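Heads up, what comes next is one protein chain in two forms, each shown on its own as structure tokens, labelled structure 1 and structure 2.
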Structure 1
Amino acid sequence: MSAEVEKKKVVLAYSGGLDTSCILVWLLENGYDVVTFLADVGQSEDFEAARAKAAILGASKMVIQDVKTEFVEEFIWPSIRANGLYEDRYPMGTALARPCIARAMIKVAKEEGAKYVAHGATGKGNDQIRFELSAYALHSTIEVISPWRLPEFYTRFKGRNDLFEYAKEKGIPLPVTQKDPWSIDANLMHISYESGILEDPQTHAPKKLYVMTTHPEDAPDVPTVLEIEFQKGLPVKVVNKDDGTTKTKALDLFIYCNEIGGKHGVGRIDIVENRFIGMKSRGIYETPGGTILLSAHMDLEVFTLDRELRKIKRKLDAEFAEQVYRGFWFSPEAEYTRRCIALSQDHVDGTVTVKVYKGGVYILGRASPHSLYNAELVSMNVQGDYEPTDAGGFIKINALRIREYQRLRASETSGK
């Protein structure tokens, strides 16, 4: 291989779909030696078919890596600890997967001696930011090729129709079935749907859209009861109280929660969110296992954390969600936030029992060796170590500023 070809080696994030297949051929046209890369983060995909297609189209090599376990342990688990919800609703499945994929891809770029990496993310979305911030953080001299931001690409290909024509011209195999009228991104954590007919925020999602979850109305009439054990805020065991099924390995545990949540229609949301780049977008998400674990963790956290500590922790949770959503996983502030959150979880040990039923996760009970719940202190039947008369002074002290505020505002009004 000549020095010139070696210098233009690029690792392309490749799925085998229309967009990345066209980008692969376009990169070859522009003189690049293309190594295609595909990370297995739990999506339902024919990986060997993608490998064969890449070879037919001219890729010099195809690298497929299974990163499911590290995705759960190193990305999903920290998000469970952080009660990770962007804008209080979105569990961030795609945002969590991107740094995991980028890390694996940059490792391949280093091994292959590639100076470039490329991706097929659009110029309007969040993924271009997540991918590229991660790439630059992990490989300071890497150069990123983003075709959908290059005028020579997006003026030539104004949409999918142009890509179809290009594919026919270049002999790129086309899908044998009609593509769904929306965009899909799938991984272990969730499936997301956006674009196409969903761009109208009033359009109701068709029933056939959902893949991971049963429609709640069609879900079983008998609930499933799970006991979920946490150590330092991390799920370590799930037990099905109905049939005794037990899972302890992180990947197995998460897949099982997905299975139970999916069967009962848990984890569906339809939201309009604020993209980092500045526009609002409508997204529909299915996050069955993540929804179960987030609900259980949040309950145990309240049970075991001091009130004032949890106030600070909630602020850190919000920071975590912003940092992940906006692609700053490998930034110093995000590392600091995760460390602080991890420290807050030292006593978040115990079990939470939940009922999963008809689209809902219902907390049934919880137990912890580090509980701050004092049954005698809170009891209405036992006075315990508490003097009721103390409450009068407590109330008066708290009322002081309110009384003064209202008195002064009233005097201002009467003086006019």
Structure 2
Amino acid sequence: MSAEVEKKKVVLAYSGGLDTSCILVWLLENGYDVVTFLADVGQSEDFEAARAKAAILGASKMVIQDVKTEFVEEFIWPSIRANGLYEDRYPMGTALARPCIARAMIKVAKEEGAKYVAHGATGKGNDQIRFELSAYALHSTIEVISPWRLPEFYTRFKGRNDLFEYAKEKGIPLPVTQKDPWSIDANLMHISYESGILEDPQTHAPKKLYVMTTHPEDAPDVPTVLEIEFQKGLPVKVVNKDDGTTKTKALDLFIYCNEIGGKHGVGRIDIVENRFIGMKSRGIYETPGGTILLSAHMDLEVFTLDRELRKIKRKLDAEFAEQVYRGFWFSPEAEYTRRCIALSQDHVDGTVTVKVYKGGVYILGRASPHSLYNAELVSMNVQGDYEPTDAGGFIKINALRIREYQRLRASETSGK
């Protein structure tokens, strides 16, 4: 980093931890004016301690923003609507938070007149991509400093020990607790665990790893039953059928689903996934509330949407999941996909009843003012205006090309 950048202002995504503290000091050392930024996306963090630490280390300013409500309403909610799962399994808690954080941070960069933003994401992961694609989309001339991709940084700090040395040397307070032998990312939607001892995909995750969810074996022996109401595909009310607890505000509702899901051990997965960067990576995730809501939404969607419309929408869902995972939230295609998905949800209204028990989410029933479900039509005991003979014609016509095909193949075979 040359002298020319001296006094240039950078907004640094700062957590208060060892890595970003070292980066903060290193940026100062390289002549930057550093504004630290910390978004509250629901992680458990001592925000004021982080603020104090940033000040001590030399940040010219510390901006802490609570973006929990927008995280739920503008990022998690669209993903519920989109049945958002990456590679069929991962509810994308981290991937959804990144554009939310990046957007808040870019806003600060604009307000502060900073031409640079910096982050502590590694050079092998998805988060650097998610962060930077969002940044470039929202501020096309912003420049990104990613120390873990700069040779002058990563050849200097080859491992955790080098950071410790640097911290000691620079008077950066060291973490008091022993670091877990894996890395963590936490927010309102989930906690992810990866690397360290988890890098061996055969190693079972230790029981003590999990933070948001009770071990299913230790979860209550009595299930909880929830009634979840959706309007236009978005959760608008959760009622605990046992004690009547009711939540209607988006953030409250989501936190409550986390609480119930967490208590019952819901939403744990252990997967190997394909990073955008091209490598396979093993991750453990716990997504208690999200798992409940995804399950309920899916149920209501099949109940209320026309079959063929839903088939088209499910292809858009697949696009959505990949866009989010890969960091393209603010891309033209992702904006378009979300608009199309939103269009599909006009009639996804109704209530789903779910039982939560020992790690499982069980649908018990559903109701909707707009369901295409017609109990009379489907009934085996009611004829209605359904003509069974029509089905014969339907089958015969569907068989037409198959019979032609088999007839041709048979004639070819017999001719040999």
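Note that the rigid core is defined as the largest set of C-alphas that superpose within 1.5 Å between two forms. Because the structure is predicted, anything quoted here is derived from the model rather than measured. Here, a residue number simply tells you its place in the sequence of structure 1, counted from 1.
- In this comparison the chain labelled structure 1 is the form predicted on its own, and the other chain is not.
- Superposition on the rigid core between structures 1 and 2 places the CA atom of Asp390 2 Å or more away from its counterpart.
- Taking the rigid core as reference, the CA displacement of Leu400 between structures 1 and 2 comes to 3.1 Å.
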